[in-house]
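Have a look below at one chain only, the form predicted alone, in structure tokens format.
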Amino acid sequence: MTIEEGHEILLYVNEKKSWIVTAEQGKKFHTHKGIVDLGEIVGKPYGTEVRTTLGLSMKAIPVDYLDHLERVSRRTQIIYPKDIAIITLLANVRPGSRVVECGTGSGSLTSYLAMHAQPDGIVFTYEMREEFQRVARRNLEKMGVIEKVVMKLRDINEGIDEKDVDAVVLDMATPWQVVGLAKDALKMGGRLVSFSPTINQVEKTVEEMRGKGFLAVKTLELLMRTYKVKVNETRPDMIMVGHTGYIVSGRKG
């Protein structure tokens, strides 16, 4: 597989330093360690070693979804990948799923839901703030899933247009206020999943879900610890991301 004109590539130095660039004749990429002529990469196979004018070595490899997710433009705090993955699993999002999401934020969770719902599914995402929606749209376009997302600029508390959906996913300050609307929108057995940073939000959401007759209501927190791996020195990393948020899930019964 060779690098074509106009294609995005990842210039990889190490796990802490890499850049997404576009292979293009006459275009140069500047780093603090020298310059790369991006035209010289066109026509070469992926995996080619590239050197800057100051001798920094990097590999030219294909760009994938996670590369874009790590660099998503943001106006809000994005949900971490570990939480995005378990939310998508708990919501049972799969090819063909119809999903309602609130709020869109920077679109990181939206993009993952859409990726799993494609090719025949769709994500309807509600956001109140136009500036957030503009940023999210650009991110979704970069990640190649914009065609599977319907973006709505409105307060979800005013109502959910969609009916008989497979899942409702909430990332908002007052999710308990939407539980009744979510139940009306869900098909029988459909799943509601909510992400909240504080436990008092969880308490209100769980009580409302139980009061509205949701089944199998559960709450979890997912912690992830990374490791430094080196011969005779392997140990957990000294710094880790601790609490990010709580996830509540349940089914319409």
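Keep in mind that what you see is a predicted model, and the values were worked out from it rather than measured. The numbering used is simple: start at 1 and walk along the sequence shown.
Not pictured, yet referred to below: the form predicted together with a further copy of the same chain.
a further copy of the same chain in the predicted bound form is not approached by L186, whose heavy atoms all lie more than 4.5 angstroms from it. Shown alone here, V217 lies within 4.5 Å of a further copy of the same chain in the predicted bound form, counting heavy atoms only.
Interface membership of G43, defined by any non-hydrogen atom within 4.5 Å of a further copy of the same chain in the predicted bound form, is ruled out. For P81, a non-hydrogen atom is located within 4.5 Å of a further copy of the same chain in the predicted bound form, even though that partner is not displayed. Across the proposed site, W19, V123 and M172 without exception lack any heavy atom within 4.5 Å of a further copy of the same chain in the predicted bound form.
Think of it this way: in the predicted bound form, a further copy of the same chain has a heavy atom of just one of L181, I146, L153, M115 within 4.5 Å, and the residue is M115.
In the predicted bound form, M224, R225, T226, Y227, V229, K230, V231, N232, E233, T234, R235, P236, D237, M238, I239, M240, V241 are the residues of 224-241 with at least one heavy atom within 4.5 Å of a further copy of the same chain, listed from first to last.
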